[in-house]
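Okay, so here's just one chain, in structure tokens, the form predicted on its own.
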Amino acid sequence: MKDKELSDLTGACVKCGTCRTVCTLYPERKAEISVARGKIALLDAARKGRDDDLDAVQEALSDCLLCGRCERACPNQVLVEEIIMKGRADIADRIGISAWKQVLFGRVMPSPGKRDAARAAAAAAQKLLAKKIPTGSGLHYRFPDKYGLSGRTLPELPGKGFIASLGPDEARNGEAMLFVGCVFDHVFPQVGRAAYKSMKASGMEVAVFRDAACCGLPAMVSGDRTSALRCVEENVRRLRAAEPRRIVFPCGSCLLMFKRNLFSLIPEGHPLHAEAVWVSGRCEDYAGFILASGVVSRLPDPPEDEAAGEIGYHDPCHLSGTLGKGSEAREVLRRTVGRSFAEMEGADLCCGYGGTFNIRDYSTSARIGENKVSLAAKGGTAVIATACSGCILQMRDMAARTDPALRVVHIAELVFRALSRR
């Protein structure tokens, strides 16, 4: 283990236990190792040579949603997420990561062409292998139980992504640039299209970042810093060369990568540090752009016959929690749907996705997610709006499992729908 980097970070933890009171995972595990102070104690033991079972340490560090609730509640402001990510990376350097992650993060995610090919292959395989089930919230497919995925549902994959659907000369140049993200390009292209069209309502020229690598967050949180660095270096170079005035993110997790985690990979002294600072300073969330650019002033009045309080907002952990960007989306919803918006029960609860945590332990992820959407439905919410690709994937799956009438949408879809009424 890299003593100096981790010891400087873990030394601030006084093991007070505040993290346990807010941990999303602790109610499921009821074990000290599931909370931040337990993981920090384990890392310290490994760092000092008192625990040489690195496979067990890697397993313990992987058992975390990285929702950031512990870090935000910590009285000593311990950088828990950075500690866990550095710990995962140090262990991965020693014992490696799984083969499927090496392929996904090292070969597919950095390459737009390979992501296109992977989506097309997955869409074809879905038609052959998956069983269609009806839901009221959109077309889903359920994996057969023999695949060991406990009835997991996924959205129908499109034959073509959002960026691939753009015309040859469409959205090539503009003062505002849309970083659509992998999921809103390849899985939910309607979100990418809604974000693009609604941004154009600002009157600005809008470009779409066509040659983007993955933001790098999935690789980074899995300990694959080499692949994450490759992604962020490619993105920083291309964005700096394009020189947009504003870079807009419909996904809060992608935005987090550019606003905070970027500098763990490109610190001072890195050849691209100045370029990274330039790029990061121009990055903003979708809702903030819609407010600041005046799009909301162009929205028609909401229909008076819409049901009151049926649309709620889910706070993505990375966007609302870590970056503090929750009020902007709520204001957009108030201006877009009027009295149909109301605060949702359990709005700030983690949805349980956690990226690869959802693959690693789907049953626990599903219990946390089912509790989230069930609370919302019981409180009268019929439509959950949010601004994170992982949260949408998770909550649509959970709605299909618990209440198929419950819809989960991106706020851009509601804004675009409203603009279409003009």
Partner chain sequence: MDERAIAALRGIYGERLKTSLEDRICYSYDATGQEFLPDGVSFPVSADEIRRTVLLANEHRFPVVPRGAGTGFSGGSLPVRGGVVLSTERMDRILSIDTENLVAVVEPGVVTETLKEEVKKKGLFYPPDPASLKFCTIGGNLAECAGGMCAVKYGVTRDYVLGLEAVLGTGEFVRTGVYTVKGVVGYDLTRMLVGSEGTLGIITKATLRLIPHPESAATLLAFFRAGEEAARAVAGIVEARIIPCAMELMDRTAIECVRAIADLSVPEGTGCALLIEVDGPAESVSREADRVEAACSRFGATEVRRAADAEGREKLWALRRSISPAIRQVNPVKINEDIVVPRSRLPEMYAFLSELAARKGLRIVNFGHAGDGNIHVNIMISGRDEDERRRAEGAVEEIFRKTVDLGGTISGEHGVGIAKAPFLEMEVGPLGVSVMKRLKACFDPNNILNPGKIFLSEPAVRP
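In this text, all values refer to a predicted model and were calculated from it rather than measured experimentally. Residue numbers count along the first chain shown, from 1.
Form predicted in complex with the partner chain: not shown, discussed below.
- At a distance of at most 4.5 angstroms from the partner chain in the predicted bound form, none of the three residues A164, C182 and K200 contributes a non-hydrogen atom.
- Shown alone, this chain has one stretch from 47 to 55, 368 to 376, 382 to 390, 353 to 361 that lies within 4.5 Å of the partner chain in the predicted bound form by heavy atoms: 47 to 55.
- Contact annotation: R69 falls outside 4.5 Å of the partner chain in the predicted bound form, judged by heavy atom distances.
- With a 4.5 Å cutoff on heavy atoms, C64 does not count as touching the partner chain in the predicted bound form; it lies far away.
- A residue is said to contact a partner when one of its heavy atoms sits within 4.5 Å of a partner heavy atom; S327 fails this definition for the partner chain in the predicted bound form, lying far away.
- Not displayed here, the partner chain is kept clear of N173 by more than 4.5 Å at the level of heavy atoms in the predicted bound form.
- Taking the partner chain as positioned in the predicted bound form, the residues of 22 to 46 that bring a heavy atom within 4.5 Å of it are, in sequence order, Y26, R29, K30, A31, E32, I33, R37, G38, A41, L42, A45.
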